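Encoded as structure tokens, the following chain is the form predicted on its own, with no partner shown.
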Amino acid sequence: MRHEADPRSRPGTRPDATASSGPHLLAVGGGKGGVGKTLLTANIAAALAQAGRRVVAIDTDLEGANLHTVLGVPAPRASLADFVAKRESDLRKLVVDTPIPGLRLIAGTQGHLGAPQPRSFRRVALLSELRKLPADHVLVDLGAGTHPSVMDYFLVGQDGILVLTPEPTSVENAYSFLRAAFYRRLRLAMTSESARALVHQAMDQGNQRGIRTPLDLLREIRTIAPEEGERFAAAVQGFRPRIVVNAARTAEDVRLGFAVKSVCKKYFGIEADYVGYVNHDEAVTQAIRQRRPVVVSHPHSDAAVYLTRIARKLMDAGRRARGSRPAPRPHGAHGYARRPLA
């Protein structure tokens, strides 16, 4: 079995360790492509910047990077790919301006398609660099799927945001994503090789030990490594994904977020937080064509209103995590009207 790195350096081992220092990290993921992760990242970042916050958005999807397009930034020649390939060690040198005051970007362009994801130790370095960025909030736009790098990015911040749409395929993949993130977090939290191996076994839903639920897993871990039980409980308690339903059309679609929250509690024992939904709105399509966030191009549209409400909730969560530092007053510049988050 391949051994993990030192537990102190594994991404996700202490996901709350930087809650009171460095930027507020928000990772935006989902089970599949096309659910609106990049849309949500761009608009939450823009809404936070409009409220006077210093924001950096980073595109970690090196196979299909398009966050720069949504933000109206020409494809930068220097990007996260340079950090992954070790051509640049200082992440701050890859930050570029966007047309939105207060919002800067690290693009994911010019990636090496043969090696699109950084290796484990490079991910540790990247996650460390994220905490050094000069910003109040850092939003990480994740790629699709459950690759270990995607899971590590999702787990590193104070807020992991799961985006899904009211479609059976999206819901199914969202559950797979949550399950993978949950078990990844547990495995990284364990310090003994035997406990980590047990969590790895539990990730196989057809495992021969009959582990089907987190309670089953906890019972098995306490049997072979009693001292790990407390770490297990702390890891479960600290895992609180934020849920956003995108492209909602009906009241039933809106209720989907509560259903996912309920499933998280029933089957994983975790307290997910349903932070809001974004209704289906033609203004979003128009904004994408204009290469501008909808909160900038159509600030009074329904989608923009709901996105700014979600941003408000996340900003408040970040403020609490960083010791209740008051947010600066909104201001206007460069032709973009700024307004307080509703």
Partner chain sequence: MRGFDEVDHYDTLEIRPDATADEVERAYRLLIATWADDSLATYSMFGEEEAGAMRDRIETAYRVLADPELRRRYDAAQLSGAEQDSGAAIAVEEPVVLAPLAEASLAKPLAEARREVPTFDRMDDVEEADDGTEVAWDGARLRRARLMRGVEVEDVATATKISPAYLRFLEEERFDDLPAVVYVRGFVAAYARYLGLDAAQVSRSYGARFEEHRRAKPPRGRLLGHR
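Positions refer to the first chain, counted from 1. Everything quoted here is computed from the prediction, not taken from an experiment.
Note that the form predicted in complex with its partner chain isn't included here; everything after this is about it.
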property	result
Per-stretch contact check against its partner chain in the predicted complex, the hit in 270-278, 36-44, 64-72, 23-31 (non-hydrogen atom, 4.5 angstroms)	270-278
Partner-contacting position among A197, A85, A233, V96 - heavy atom within 4.5 Å of its partner chain in the predicted complex	A233
is_contact(E172, its partner chain) in the predicted complex, heavy atom dist at most 4.5 Å	yes
Any non-hydrogen atom of G145 within 4.5 angstroms of its partner chain in the predicted complex	no
Contact test in the predicted complex: L215 vs its partner chain, heavy atoms, 4.5 Å	yes
4.5 angstroms heavy atom contact with its partner chain in the predicted complex for R54	no
Contacts with its partner chain in the predicted complex - residues in 259-274 whose heavy atoms fall within 4.5 Å	A259, V260, K261, S262, V263, K265, K266, Y267, F268, G269, D273, Y274
